[in-house]
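First come two forms of one protein chain, each written alone as C-alpha cells, so that there is a structure 1 and a structure 2.
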Structure 1
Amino acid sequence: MSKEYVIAVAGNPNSGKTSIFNRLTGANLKVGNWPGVTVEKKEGRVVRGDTAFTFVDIPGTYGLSARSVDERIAMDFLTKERLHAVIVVLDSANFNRNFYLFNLIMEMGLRIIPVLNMSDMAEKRGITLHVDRLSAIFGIPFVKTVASRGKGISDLWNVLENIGQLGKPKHSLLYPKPVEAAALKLMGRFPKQVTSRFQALGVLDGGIVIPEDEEFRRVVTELQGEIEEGLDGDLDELIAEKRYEFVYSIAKECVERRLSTEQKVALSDRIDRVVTNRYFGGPIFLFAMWLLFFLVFTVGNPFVEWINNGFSALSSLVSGSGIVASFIREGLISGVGAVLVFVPSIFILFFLIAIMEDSGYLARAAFVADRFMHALGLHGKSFIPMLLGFGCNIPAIMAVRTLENEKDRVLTAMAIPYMSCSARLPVYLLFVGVFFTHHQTTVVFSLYILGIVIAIVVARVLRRIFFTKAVSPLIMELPAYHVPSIKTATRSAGIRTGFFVKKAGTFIFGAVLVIWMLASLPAGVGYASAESIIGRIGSAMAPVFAPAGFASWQASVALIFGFLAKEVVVGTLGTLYGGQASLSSAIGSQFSALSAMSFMVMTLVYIPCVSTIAVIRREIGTKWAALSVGVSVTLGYVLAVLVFQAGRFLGIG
C-alpha cells in the first residue's frame, strides 16, 4: 500500500457520526474497547486504489476536557494519536452547538474535514448553511451530507482521496493577549507536558488535569492569577465566552435562518386571527390603506418638490417667444413635466402595493372583504383584481380571468374602473397640494375609499339587473405570510414606474403636442387664450360643467383629453396654464376647495382611459365596454354636481 491514512470521526452525540462512519467503512469493522475503559471503540479500514484509510469512531462529545470519560477518551485520542485528519460531523440543524466542538478540534491544530450532516433537517427548519462561505473562511472544503440516505458521501470521498493536499484551517480564534502569552509561556517552559496551544489553554482553564509536578502547578497558578487580575474575571469563563463569541460570529456570517414551513403556518395563523378577525379585519384594512397614502405623501412630497423646482429652473432657462421656445416651455416642461413630477409618488405607491401583495396581506384583504362582498352579491375573490386596480386598471381587468364564473368576471371588470389607479394620483396630488395642504392623506384616502364604494355599488346594481343566481362561497387558500422582499418590490415598482414614465414620454407627450398646437392656433391668437381653437372647444363645453363648479374652459378641455389617460388631465392643465407663474397658482385662482373636490371626484369616476375600455371590450365584450363608458361618465358628472351643490348648500364653497 503506498499511502496509509488514519482518520478520526468526531462529532456531537446524535450528529449522525455513526451513520457517516458506517457509510464510509461499510462492513469492514473492528470493534474493541478504548484502553482502560469499557467504552466501545470502532475502527474500519477501507482501501481505495493504492490508498488505505483507517477510520476511528471516537465517542460523541460536546466538548473536549477531562471532565467526562467520553470527552477524555476523545481528547486523548485526538492529542496523542498520529492522525492525518479528523472528520468533524456537524448537525447542520444545530450549527452553533456543533461548531463549538469544531472550534476546539481546530484549536488542537489538526487537519479537519468538516461534514455538514443533517442538511435535510436544517432545510426543513428553514436553516441555510452557506457552505461556500464556510469553505472560503477556513480555506478547507466543507461537505454537505444526509448520512441516513447516503447523500453527499461521494463528495466526502472526493475530499478524502485528495487528502494529501488538505491544509489546516486558516482562520482561528485569537484570545486576549495575556491569554495567548501565557499559553506560549507554558509551551516554552514545559515542552514535554504541554505540546500544543490547545493543551496550554486546557491547563489554564482547568479543562485538562495538571500533572503531578510542583513547579508546573506553581507556574500555572501564577499565570492564572495574573490573567484573572488583569481581565477582572474567571479565566475559564473568559475562554468559554470567547469560544462562543467566535462560533456566533461564524454563524452570523454563514447561517441563515428562515422560519420553517410549520413555524410559518403557525405564525401566519396567529397573525390571521387578528388580521382576518370579524371585527378587526375591516379597520385593519382601512388603516393599511391610510398608511399607504400617508407614506406616499410623507416620503414622496420632498422629492416631488425637488423635481418641480428642477422643472421650474429649466423653464426659466428657455427664453424667447418663438414657436420652439413656446413648445418647450408650455408643452414639454409645463405639460409633460407636470406629470413627471409625480414619479416619486407613483414609485412609492407601486412599491407599497407590491409589499402588500408579496407579504400575503392582499389575499387577506380579499378574505376580509368576502363577508362584505357576499352581502353585496359579489365574490370575495373579486377583491384581489379590484385592489390590483389601485396600481393600474388594465392588468386588474385582465386578472378577472382568474375568477371561475362569468358573472363574477363581468361584474368585477365593470367595477374595477372605479378603483383609483395610479394615473389619477397626479390629479389628486396637484389639487390637494393647493387646496388641502394639511389634510392631503385624508382627502386622497377618502377618494380611494369612495372609489371602492362606487365600484361595489355599481357591481351590486348591475348584478340586480343582469344576474340573479346565488354567489358561490369563497374557498380561498391563504398563502403563509412572509417577509416581503424589498428587492422584488423595488424591481416591481421600478418596472411599473418605468411604464408610467414611458407613457409620459410617448402617449402624454403626443396629447400635449396636440393640445399645445390647438392652443397656439389659429395664428395670431394669444397662446391658450379663449380665442384659440382649444379655447373655443373648451368654452363650448364649459357650461356643461358649471353645475359641478368648474366652469373654466381649461378644466373642460382637461377632462375631455382625460379620456385618453388620466395623467393627460394634469398634462393639459400644465400646458394650458403654461404661460402663468406656476400651475399651482393658476389652479388656486381658477378653482375653490369645493370645486377642486368635485373635479377630483369627476376625475376618479369617469372612464380611466381608452386603453381600459379596450381591455374591457376584449375581456367581456363590446356591450359591457359601452355600458362602462356610459355609466361612468354619467355617474362621474352626477356625483361631481352633487358634491358641488351639496357643498354650496352647506355653505362650504
Structure 2
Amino acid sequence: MSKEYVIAVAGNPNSGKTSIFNRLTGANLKVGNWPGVTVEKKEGRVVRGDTAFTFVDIPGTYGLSARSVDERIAMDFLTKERLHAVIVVLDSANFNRNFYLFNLIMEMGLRIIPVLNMSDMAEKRGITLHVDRLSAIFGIPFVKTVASRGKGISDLWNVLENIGQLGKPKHSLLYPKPVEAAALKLMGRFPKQVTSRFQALGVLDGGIVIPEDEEFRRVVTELQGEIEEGLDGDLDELIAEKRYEFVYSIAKECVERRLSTEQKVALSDRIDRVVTNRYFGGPIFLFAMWLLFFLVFTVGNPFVEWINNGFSALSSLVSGSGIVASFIREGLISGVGAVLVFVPSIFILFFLIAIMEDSGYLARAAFVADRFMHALGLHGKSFIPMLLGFGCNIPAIMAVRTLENEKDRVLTAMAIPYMSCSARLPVYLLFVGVFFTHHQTTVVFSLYILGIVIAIVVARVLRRIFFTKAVSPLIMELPAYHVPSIKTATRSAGIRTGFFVKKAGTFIFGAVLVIWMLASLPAGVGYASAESIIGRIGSAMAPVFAPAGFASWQASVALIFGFLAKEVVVGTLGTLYGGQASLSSAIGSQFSALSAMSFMVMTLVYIPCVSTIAVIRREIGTKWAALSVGVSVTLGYVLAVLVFQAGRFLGIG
C-alpha cells in the first residue's frame, strides 16, 4: 500500500459513533481488549484503491480525563498514538453537549473530521445546523449523516480519501491570561512530563493524574493556588466554564431552533410517558420480554426441527460399529449436533435484543428498573449490564466498568451470572420441547424472570453483608428513539451467533471428544454404559442429585461438564444418549416434567462457566470469584431440590 492512515472514531455515548464505525468498516472487524484493561477494543481495516484505512473505535465519553477507565483510554489513545485524524461523531439533535468533546479534541491539536450524525432527528425536532458556517469557522468540512440508514457515508468517504489535504481546525479557544501563563510555565519547566498545552491544562484542572514527582506536584499546587486567588474561583470550574462559553457561542451562531413552548410534544416524549410510566413501565417491559421469547419459539422452532431432522438423516447414513463410525455418530453428530440445532433460535434471540437496543428501548428498561433496583440496593445503571447478560455473561461482566463506584461494580458482577445467557437456552429448548410443548414461551420466560429475581436477591444480601453505603441516584441520558436498522441488527446477531458456532466447533467439540472417549473406555464395555469410565463418575455423583429428581448418572455428568460451558450440558446428553433413537425420546424416558423443571433451574443457577469465573476474578478479584462459585453451587442445588420436593408434595409430576 502506498498510503496507510490510522483514524480514531470518537464521540459521546448514544451519538451513533459505533454505527458510523460499522458503516465504514463493514465486516472487516477485529475485536480485542485495550492494553492492561478488559474494555473491548474494536479495529477495522479497509482498503480503497492504493490506500488502507485503519479505524479504531475508542470508548464513548463525554470528556477526556483520568476520572474513569473509558475516558482514560480515550485520552491516552488520542494523545499517545500517531493518528492521522479523528472522526468526531456529534449527535445533531444534542449539539451543545456533543460539541464539548469536539472542543477538547480540537485543543489537542489533532486533525478532525466532524460528523453531524442523526441529522434526521434534528430536523424532526426543528433544529437546523448551518454546516457551511461551521466549516467556515473551523476551516474543515463538516459531514451530515444518518448512520442508521447509511445516509452521508459516501460524503464521509470523500473527505477520508482526501485526508492528505485536510488541515487542522483553525479556531482556538483562549483562557484567562493567568491560566495560559501557568500552562506555558509547566510546559517550559517540565517538558518531559508536560508535552502539550492540552496536557498542561489537564494537569492544572485535575483531569490528568499528576506524575509522582514532589517538585512537579509542588509547582502545580502553587500555580493552582495563584490562579484561583487571582480569578476568584475553582480552577477546574473556570476552565470548564470557558469551554462551555465557547460551545454556546458556536451554537448561537450555527444552530437554529424553530421550537416554542406551545409546540406539540415530540413523539419520543409521548412514547416515554407510557413506557417509562411508574405504573405501566414494568408491565410493558415484562410483556416485551415475553413477546421476545414467543417470537424465538414461533419463528425458530420450524428451523430447529428442520436442522434436527437433517442431523438424524445424517446419522442414519453412518453405518458400522467401528471406533470411527461411533465417534462420528455418537460424538460429532449427536454431541456437537445437539447444540448446533438451536443456532436459529440463538440467532433470533440476538437479533431481537439488537432491535430493542437499536430502537433505544433498553435504556428505558434501566430507567424503569431504577426504582425497584434502588430499593434492593443496586443502581439503575446496573440493569444494562444485567440485560446484556441475556446474550453472554462475559461481556456483561466486563460492562460493569461503566459503573461509577466499586460497590456497584462488585454487586452487579456478582449478580450477572444468574442472568440466563444464550448458552443456557439450548438446555431450555431441549427440555421444554419434550415436556412443555404447549407452554414453551411461558416456561422459558419464567426461567429468565427467576434469574433476574435471584440476581437481585443475591446482590441485596451481599450489599447488606459487605456494603452499607447508600445507593447513589440514577442520572443517565435516554437516547432518542430510532427506527431499528434491520441490516445492523442482522449483522450484530450474525457476529454473536458466529461466536456461538465457533465455540461449538472448537471448545464444545473438544469437550464432546473427551466425553466420547470416557464413554468408550475401558475397552470391551458397552458405549456410554454404567461400566464405562464416565458411567462410573456419573454413578458416584448421581445419589447427590437424587433429591433434586434427576438421579440418572448421565444427568450428573452433564452438569459436571457444564462447568466448562453451559452448551456442553446438551452436548454431553447428546453424546451419552447418542446410541438411542433420538435425544428427545431419551430425555422423555429419563425425566419427568417436574424433574425436567428442577434440572433447568439447576442449570440456570449453579456454577458459572469457567470463562465467566475467570472474568469475574479479573474484574473484581479472586475473593469474589470464589464466593460466586460457592454461592451459585449451593443456591442452585437448594433451589433444584426445593422445586422437585415441593412439586412432589403438591402432587405434581
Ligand code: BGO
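In this text the structure is predicted, and so the values were computed from the model without any measurement. Residues are numbered by position in structure 1's sequence, first residue being 1. The term rigid core refers to the maximal set of C-alpha atoms that superpose within 1.5 Å between the two forms.
A.B. asks: Which depiction, structure 1 or structure 2, is to be taken as the form predicted alone?
C.D. replies: Of the two forms shown, it is structure 2 that corresponds to the form predicted alone, while structure 1 does not.
A.B. asks: Hey, does K487 budge by 2 Å or more at the Cα between structure 1 and structure 2 once the core is superposed?
C.D. replies: After core superposition, the C-alpha of K487 moves less than 2 Å between structure 1 and structure 2.
A.B. asks: Kindly check if the Cα atom of T54 is displaced 2 angstroms or more between structure 1 and structure 2 relative to the superposed rigid core.
C.D. replies: Passes the 2 Å threshold, so yes.
A.B. asks: Kindly check if the Cα atom of Y527 is displaced 2 angstroms or more between structure 1 and structure 2 relative to the superposed rigid core.
C.D. replies: No; Y527 is a residue whose C-alpha shifts by less than 2 Å between structure 1 and structure 2 when the cores are overlaid.
A.B. asks: If I align on the rigid core, how far apart are the two C-alpha positions of R125 between structure 1 and structure 2? Answer in Å.
C.D. replies: Displacement of the alpha carbon, after core fit: 7.0 Å.
A.B. asks: For T145, what C-alpha shift in Å results between structure 1 and structure 2 following superposition on the rigid core?
C.D. replies: Reported C-alpha shift between structure 1 and structure 2: 16.6 Å at T145.
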